[in-house]
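We've got the same protein chain twice here, in two forms, each standing alone as structure tokens: structure 1 and structure 2.
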Structure 1
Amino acid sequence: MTYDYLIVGSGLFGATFAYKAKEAGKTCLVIDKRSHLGGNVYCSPYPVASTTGQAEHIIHVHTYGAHIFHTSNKEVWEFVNSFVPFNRYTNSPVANYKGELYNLPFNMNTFAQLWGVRTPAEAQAKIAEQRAEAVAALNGREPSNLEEQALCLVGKDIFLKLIKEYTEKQWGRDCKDLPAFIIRRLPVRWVFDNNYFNDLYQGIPIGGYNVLIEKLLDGIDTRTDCDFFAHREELTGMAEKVVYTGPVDEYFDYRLGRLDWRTVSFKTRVEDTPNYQGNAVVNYTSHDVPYTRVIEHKHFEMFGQSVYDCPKTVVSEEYSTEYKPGMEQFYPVNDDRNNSLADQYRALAGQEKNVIFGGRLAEYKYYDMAPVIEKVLSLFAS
């Protein structure tokens, strides 16, 4: 055997696993079917000459969608910062509903913009009035779908302007046919605070996520454009154990059926202006705009005057669609059929000898970046 581990997938799970394994004195080969390392955190660098032609600025385009690192886990935060310093970026998206602008997440700024209320007491009274009908209709039972959950949480104005149509675009389903938990992720705050996350630590790696991946994989053998299934026998024969981070149904040749996913496609273009929309993330929450949000990548890493020192900008429109074979798998669909199918695949995975299944595709789980790293660190802690 040439290696202790063959690691299928060079995303954060595979790269962190390889780093920890190397630290423990093991040898690894990391392969990826894509032509680059890093999985979904990979950034494409876009160089822009400055106005004077002297300096060059690099805009790191988040190729597979906006990635904002956030965690309350000090160990994870210190781990990633030991490879690359993180900047002070704070996610504070703006919602555009038919030309009206609202701050997200739902907080005192949003309530003031919607209803002209000035104090938390006024906002709470307004929300209580807005929720009353939906809460009464439940008759004491728990909300059973996203629409009921949202109406009980924030009431009808916010549901209709900021949730319903955005969610239907994102998931391609009526809000009544979606699970309630999706919307519980959105915080509601009685303070003037547009920070989307409640976590203690947040930021973007200075120089982009590729720096983090390069450092994690430093000194480790890697192969890109290498699909595990095209060379399965040969690759498996090269290592004692396999760490598999690809889709779990594909590993078992779809023998129980295919898992569903939502995918996102991106239309990315360069705008000849230093500041296109004034924020990294603008959500379009009505049906009349076909995309869900527009990302202006430079705002993840350029602040204040530096936005204007770089005379161009790169923006991406995000379109959410149903997954078809050949597309990228982005979000697991957590309905009953898929949850039960995923459980059956997990049971098969549990029986597989010498294979560790990990990460968002192999576990069929919506995973933020920090919990992926936390999971790998915990595997090596015991």
Structure 2
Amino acid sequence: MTYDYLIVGSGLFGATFAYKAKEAGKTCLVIDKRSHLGGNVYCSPYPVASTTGQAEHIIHVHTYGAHIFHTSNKEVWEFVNSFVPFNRYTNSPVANYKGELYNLPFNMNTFAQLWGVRTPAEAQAKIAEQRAEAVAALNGREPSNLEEQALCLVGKDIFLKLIKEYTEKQWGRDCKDLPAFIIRRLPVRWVFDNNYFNDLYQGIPIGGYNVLIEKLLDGIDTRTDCDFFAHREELTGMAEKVVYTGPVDEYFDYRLGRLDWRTVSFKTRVEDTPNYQGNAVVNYTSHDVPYTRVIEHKHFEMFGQSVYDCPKTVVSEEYSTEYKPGMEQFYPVNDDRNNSLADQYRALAGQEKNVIFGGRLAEYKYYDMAPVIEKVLSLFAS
């Protein structure tokens, strides 16, 4: 059979593209080298018997890390909700620095916890004082690295407790060795508001992201455990056009060199308690612990008493490390070398006939989920 599109990768870009193409009367084959569909939004279901005698609970474990959907684009929000209703989850992470707990993002709760201040004016004065010290230390020059940039934005107390060691764990480099542009701005709120996102809409699909992917791909031919590069000639011969969402350097057989990535690994376990940490996301911001954060998955979908109706919980420790071939690529390393190399690969991609490159791997760009969907919708609107 010949298809209009061969779609390499079943994450949000590939699945949304397939849905819109089918809607336009096109035929698609979606392939994925993993044993499941959904890319990094895939959730592993973990059933737990109920304490109330009701039907068992299902904890949807975010297999590849926490995915919280948020957007201010009403069209995108209505699009995803047309497949599955989203719940009211609000992302309000907590930072743990050597046992001290702080609310994120930086807001009046954080400042009260740090300094005992009670008013925005007191907090502004404290940060202004520390910023002035950092700016004076530069003797008129611009910040040359992430540490100097962060100190000039929020001062030493926030930097030392909530940024420095956490960032170093994330990137595997000293803050003095990271470029300043990574952290050109840090959101600071002079209100008591722990909602991490400013977007109008946010939540988690009820029943997990697998429901969204299944609905997007309903009626579309799919193959899992299918490696595009192992059967490239055969697969490309089955379609008029290719939609490629894998790593852009791999598509071109690394002819210009390999792009650098950071990757993430997870240690997931079941805890015999209904409520392990009281929050979905707790960041560990010191080097005292090797992981960057702990995710307690049930809090994405269970609220209030329902947390205790489910007698067990699933937690994942998240570890950031340097990417090596064979690992999963998570975050692009946007330094000068990689940005230049990515531009060269993008130029090659622009010369490919009948191939559409899309998504974070193919574009070497960090994407939240909503902008990925927005981009696909724009392709079909033009």
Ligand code: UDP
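Residue 1 is the first residue of structure 1, and the numbers go on in sequence order from there. Keep in mind it's a predicted model, so treat the numbers as computed, not measured. Under this definition, the rigid core comprises the largest set of C-alpha atoms superposing within 1.5 Å between the forms.
Here the form predicted alone appears as structure 2, and structure 1 shows the other form of the same chain.
When two forms of a protein are overlaid on their rigid core, residues whose CA moves 2 Å or more are considered shifted, and residue 255 is not one of them between structures 1 and 2. Relative to the superposed core, residue 177 undergoes a C-alpha shift of no less than 2 Å between structures 1 and 2.
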